[in-house]
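Quick heads-up: it's one chain on its own, the form predicted alone, in structure tokens.
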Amino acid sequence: MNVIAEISRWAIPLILLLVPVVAYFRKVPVYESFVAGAEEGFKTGVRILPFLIGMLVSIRVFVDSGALNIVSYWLQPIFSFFGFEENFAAIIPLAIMRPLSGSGALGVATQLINEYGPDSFIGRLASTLQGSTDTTFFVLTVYFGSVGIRKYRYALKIGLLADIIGLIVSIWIVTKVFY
């Protein structure tokens, strides 16, 4: 059997065993520390729940109202202006959805891969875009909301700039490698 595979298989169970054992020998109250951490985690979950519900409802309204399709249609001439072919328009909904929702973006990417195929240019571009951008609004909602940060305009600007750069670089890399 492969040694690396065996180490990988046992790494997590060994860590889960090792941490309480080391804590016990250092006289750390293991169970009490776990309960205190779980209580704090629950409080954090309750604190960010309104932010999370608001974001998820907004995303659902954005998609179900047809606004995603309208924005995609408006952005299509920009892609054409830069010389991208017509089939690049298929990637626009994914580029819009990715900063909003990871599961929504995964759904769009799955549709693209099912429609165009995993080895197609669009399939590869969708996969590359999924791996090179982040869910900016989700990160701001969950992580900033959990610690009470209210002023995050610079983080939003930088996150969206990173998403745009991720889109441009994804297109460039997939075009150079696969086209």
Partner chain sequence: MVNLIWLLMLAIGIIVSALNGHIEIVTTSAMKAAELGVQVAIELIGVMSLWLGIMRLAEEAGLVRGIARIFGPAIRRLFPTLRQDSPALGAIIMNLSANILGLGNAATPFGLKAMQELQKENSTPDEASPAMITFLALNTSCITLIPATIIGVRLNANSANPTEIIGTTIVATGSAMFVAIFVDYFIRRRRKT
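Heads up, when I say rigid core I mean the largest set of C-alphas that superpose within 1.5 Å between the two forms. None of the values given here were measured: they were computed from a predicted structure. Residue numbers count along the first chain shown, from 1.
Beyond what is shown, the protein has a form predicted together with its partner chain; the following relates to that form.
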Query raised in the report: Could you tell me if I92 has a non-hydrogen atom within 4.5 Å of its partner chain in the predicted bound form?
Result: no
**Report entry** L75: touches its partner chain in the predicted bound form, heavy atom cutoff 4.5 angstroms
**Finding:** no
Report summary line: In sequence order, the residues of 113 to 131 that place a heavy atom within 4.5 Å of its partner chain in the predicted bound form are I113, N114, P118, D119, G123, R124, S127, T128, Q130, G131
Query raised in the report: Does superposing the core leave V28 with a CA shift of 2 Å or more between this form and the one not shown?
Result: yes
